[in-house]
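Here you get one chain, nothing else, as structure tokens; it is the form predicted on its own.
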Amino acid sequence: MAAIYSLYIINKSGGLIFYKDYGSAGRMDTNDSLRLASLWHSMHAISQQLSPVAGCSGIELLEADTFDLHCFQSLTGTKIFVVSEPGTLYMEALLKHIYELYTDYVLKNPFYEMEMPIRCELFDINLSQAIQKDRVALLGR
């Protein structure tokens, strides 16, 4: 069973710009993935406003019985979130690494238009390698 089920990248406006499914069960169609991204963006924004803690950056981890949802928000408002097996550790480091890949291969790509869906082969290749390395590392722990 894969440690990571799926990966989403949401732009600062709440639009889904990247989605990758790594699990074999429970695949979502395009409309469902768009709805989930929009819902998460809204929940994240509401949690920032309702938090009793000043300077709260929003929900970073949502734990459920069958999955965990880990979120990283950049200073520009881009959100990267991963749906993984419950109890999966070290997701913060993986999310930061994915953000580094995003900045290196997507944002520095002269053909990429900001806020648009990501279509970058080098990003896809390096992302697959990072996810595979993370899976191998989890098996060794």
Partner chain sequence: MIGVGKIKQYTNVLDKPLSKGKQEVSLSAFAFLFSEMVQYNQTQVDNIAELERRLEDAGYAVGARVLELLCHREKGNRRETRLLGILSFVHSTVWKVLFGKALEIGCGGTLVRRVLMEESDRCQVADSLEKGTEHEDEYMISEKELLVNRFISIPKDMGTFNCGAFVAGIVRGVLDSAGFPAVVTAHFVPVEGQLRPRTTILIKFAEEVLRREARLG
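Computed from a predicted model, the values in this text were never measured in an experiment. Positions refer to the first chain, counted from 1.
Below, we turn to the form predicted together with its partner chain, even though it does not appear here.
J.: Can you pick the stretch from 97-105, 33-41, 49-57, 83-91 whose heavy atoms fall within 4.5 Å of its partner chain in the predicted complex?
T.: Single hit among the candidates: 97-105.
J.: Though only this chain appears here, would N109 touch its partner chain in the predicted complex if you measure heavy atom gaps against 4.5 Å?
T.: Yes, N109 sits close enough to its partner chain in the predicted complex that at least one of its heavy atoms falls within 4.5 Å.
J.: Using a 4.5 angstroms cut-off on non-hydrogen atoms, would C120 count as touching its partner chain in the predicted complex?
T.: Close contact exists here: in the predicted complex, C120 approaches its partner chain to within 4.5 Å, heavy atoms only.
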